[in-house]
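Take a look at this one chain, the form predicted alone, written out in structure tokens.
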Amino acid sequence: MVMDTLKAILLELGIEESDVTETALLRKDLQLDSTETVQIALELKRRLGVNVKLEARQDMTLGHICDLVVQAMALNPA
């Protein structure tokens, strides 16, 4: 569910579906800038109700982001 939501957000940002994998890095592989990273965090909050801090200084894989979202959801059950 989390990866599907993240994938939908990335597709809306114009990322090719074939590039959306758990090992893809936000900046290095997907070429996302800090503004787009903030957009992802805001959309995750809007769609899943969780605050996730996406580090600006550290490139993160999509799998790591999914793990952070799952952890945040476990801490704040709806």
Partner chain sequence: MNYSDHSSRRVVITGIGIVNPAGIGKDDFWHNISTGNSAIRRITRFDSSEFPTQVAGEILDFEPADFVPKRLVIKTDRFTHYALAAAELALQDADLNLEQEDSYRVGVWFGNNAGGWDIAERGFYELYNDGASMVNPWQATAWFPTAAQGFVTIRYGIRGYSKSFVCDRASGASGLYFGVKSILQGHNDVVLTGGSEAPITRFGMTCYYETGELSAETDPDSAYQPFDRSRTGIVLGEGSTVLVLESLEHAQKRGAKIYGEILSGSATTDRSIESGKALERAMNEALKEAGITPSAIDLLLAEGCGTQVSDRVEAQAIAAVFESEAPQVPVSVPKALFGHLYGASCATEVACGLLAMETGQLPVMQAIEQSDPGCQLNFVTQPSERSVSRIMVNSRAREAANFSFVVGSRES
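Positions refer to the first chain, counted from 1. Quick caveat, the model's predicted, so the values are computed rather than measured.
Note that the form predicted in complex with its partner chain isn't included here; everything after this is about it.
In the predicted complex, its partner chain sits within 4.5 Å of a heavy atom belonging to Arg46. Although the partner is absent here, Leu68 lies well away from its partner chain in the predicted complex, with no heavy atom inside 4.5 Å. Though the partner is left out of this view, Val52 does not reach within 4.5 Å of its partner chain in the predicted complex, counting heavy atoms only.
Not displayed here, its partner chain is approached by Ile15 to within 4.5 Å at the level of heavy atoms in the predicted complex. In the predicted complex, Leu30, Gln31, Leu32, Asp33, Thr35, Glu36 are the residues of 18-36 with at least one heavy atom within 4.5 Å of its partner chain, listed from first to last.
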